[in-house]
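Let's start with one chain on its own, the form predicted alone, as structure tokens.
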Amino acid sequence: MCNINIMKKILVENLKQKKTETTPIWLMRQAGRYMQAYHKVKEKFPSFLDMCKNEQAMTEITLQPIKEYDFDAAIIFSDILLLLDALQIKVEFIKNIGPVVQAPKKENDIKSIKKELDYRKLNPCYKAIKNLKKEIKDKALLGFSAAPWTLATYYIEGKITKDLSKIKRFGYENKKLMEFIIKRFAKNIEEHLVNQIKAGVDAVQIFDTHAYQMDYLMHSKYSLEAIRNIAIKIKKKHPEIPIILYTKSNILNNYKEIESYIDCISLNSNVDLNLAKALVSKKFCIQGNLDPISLVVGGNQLKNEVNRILSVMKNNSYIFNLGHGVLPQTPNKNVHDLVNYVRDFKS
């Protein structure tokens, strides 16, 4: 039990920019499609969204990878699009297609977006967090939400395009409406994250997954500025809670700007860790970077990548994670091997 308690401490300490002897590990999408136990729960529900609004299911699925792999953190099982559903915007998850959102057809559809969240759809999430705090007192618990731009991308595009042409064109042609959407979603996101904090999470992660296609000015206004405003408001209310930012954009260009309100940058696999290490403060926490395909491949490819990443980050605050989420075809054995490689690593 003593060793597990140390695990909790090292994850939170790294988020608070304190380098620890052992590297903590958790994985984005660590609870989900690659686990048989997840599918057994999913079969009980008519839709994915129904499952994401069930307190017991959310609790059970969040715990599954903790019990199986002994990760150093649990992240509440939910979905970023639950917020759109709570705003009475229709969301469907269609097999072999993915999420499809009811996109606005006219300006009035946007102006009539609900101001207040329907908490009947979100309260199961907060209740599940409270349940988990009782279950995993020896682990860190993370909450999360999409960033305003990523949420807006799903809303405007309806079904995501490869080049995000719909949302970008909309942003260029309808600047005032774009600002309206970003500000409205930012308020809802802040509320959702604060409610997760009140329920008991130890840190929160903001996902701006779709920020990578934006031009510099659009990224500055709709991604960085919006995230900064959310983070500052959260820090004012809960200064002790670390905030992680995950984005596929070249966030290192903006490191000096974000370090005052973000505690940890979660890096995609296309970022050179040596460059990241050279740009950021030694105390500033970095997370992620392992290619999810390396985890699928396993063996020497996985072990060599783990050793490379940990060697580069040996003197920095660092949390081991992927450059994106665990892929459905990931073998169970490889995840066990990954945890062992990280914990057995000696520089």
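Numbers follow the displayed sequence, beginning with 1. Note that the structure is a prediction, hence the values are computed from the model and not measured.
What comes next is about the form predicted in complex with a small molecule, which does not appear here.
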Given that the partner is absent here, state which listed stretch (128 to 136, 191 to 199, 91 to 99, 256 to 264) has heavy atoms within 4.5 Å of the small molecule in the model of the complex.
-> 91 to 99
Contact test in the model of the complex: Lys303 vs the small molecule, heavy atoms, 4.5 Å = no
Tell me, yes or no, whether Tyr154 is in contact with the small molecule in the model of the complex, where a contact means a heavy atom of each within 4.5 Å.
-> yes
With the cut-off set at 4.5 Å between non-hydrogen atoms, does Leu87 touch the small molecule in the model of the complex?
-> no
Looking in the model of the complex, any heavy atom of Phe144 within 4.5 Å of the small molecule?
-> yes
Which residue, Phe77, Phe71, Tyr222, Phe170, has a heavy atom that falls within 4.5 Å of the small molecule in the model of the complex?
-> Phe77
Check each of Leu295, Met28, Ile286, Ile309 and return the one that places a heavy atom within 4.5 angstroms of the small molecule in the model of the complex.
-> Met28
Three-residue site Arg33, Lys42 and Phe207 fully in contact with the small molecule in the model of the complex at 4.5 Å by heavy atom = yes
